[in-house]
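Only one chain is given next, in structure tokens, and it is the form predicted alone.
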């Protein structure tokens, strides 16, 4: 008989996602992971916060059931929380999908309620990204920043402050350092 492997910190999925056994992923059927994503301990992903439509036609089916869509090579640090943004629409409170592209790093204890986060985005620790914010590609948000709701952050920006504002731009040489393949390879049960 073969010896049973000891349980490690991470569960690895067929698509190469590494999910900590101590993370909280709620509403898993409404969350899409693109592959090769790392979810550390104490991360909370709220897939249970779905869009609700006012029933205008009883025969109409419920629409898109994706609450959180995450691309490839993303890294969610210890204690961060991802939750879809919500607002009052036609007299009913409804949540809208949270879309995260590829190579997105979210630092420890950050809270994300954005509508869209582009590729190659680095979000520092203790950052709050407000409801329906849109973060374009190649953006760095510095530690402790508070991105206000509905803010659109242009590509190649460095953002800081409470409330956050653009304080600089990413240099051409910094773009190469925003690829998270090596960070993904370094994480494991070994």
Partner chain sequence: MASFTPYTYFQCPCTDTSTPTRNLGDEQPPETEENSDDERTFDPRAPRSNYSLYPLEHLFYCEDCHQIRCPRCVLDEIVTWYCPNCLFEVPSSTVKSEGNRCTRSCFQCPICVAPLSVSSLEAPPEGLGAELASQQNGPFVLNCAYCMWSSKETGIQFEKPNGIFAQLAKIKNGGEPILTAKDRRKDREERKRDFSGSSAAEESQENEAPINLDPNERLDPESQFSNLKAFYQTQMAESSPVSALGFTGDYGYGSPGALSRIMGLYTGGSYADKKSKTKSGTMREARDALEGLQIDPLSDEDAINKLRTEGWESTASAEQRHEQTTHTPFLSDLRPVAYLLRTKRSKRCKTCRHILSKPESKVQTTRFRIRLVALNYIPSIIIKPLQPILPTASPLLAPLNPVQFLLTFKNPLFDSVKVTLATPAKTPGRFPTKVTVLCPQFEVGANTDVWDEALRDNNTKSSLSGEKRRTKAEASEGQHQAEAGKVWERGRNWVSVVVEVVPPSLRIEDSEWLKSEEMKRDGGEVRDGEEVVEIPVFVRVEWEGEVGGEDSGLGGGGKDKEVREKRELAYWCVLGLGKVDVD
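Here the structure is a predicted model, which is why all the values come from computation and not from measurement. Numbering follows the first chain given and starts at 1.
Omitted here: the form predicted in complex with its partner chain. The next part is about that form.
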So, residue 26 and its partner chain: in the model of the complex, are they within 4.5 Å at any heavy atom pair?
no
Heavy atom to heavy atom, is residue 66 within 4.5 Å of its partner chain in the model of the complex?
no
Considering non-hydrogen atoms and a 4.5 Å limit, does its partner chain approach residue 14 in the model of the complex?
no
Using 4.5 Å between non-hydrogen atoms, is residue 108 touching its partner chain in the model of the complex?
no
Consider the chain as shown here, without its partner, and state which of 31, 146, 142, 44 has a heavy atom within 4.5 Å of its partner chain in the model of the complex.
146
Quick one: from 86, 71, 118, 79, grab the residue that has a heavy atom within 4.5 Å of its partner chain in the model of the complex.
86
Quick one: name the residues from 156-177 with any non-hydrogen atom within 4.5 angstroms of its partner chain in the model of the complex.
156, 157, 162, 163, 165, 166, 169, 171, 172, 173, 174, 175, 176
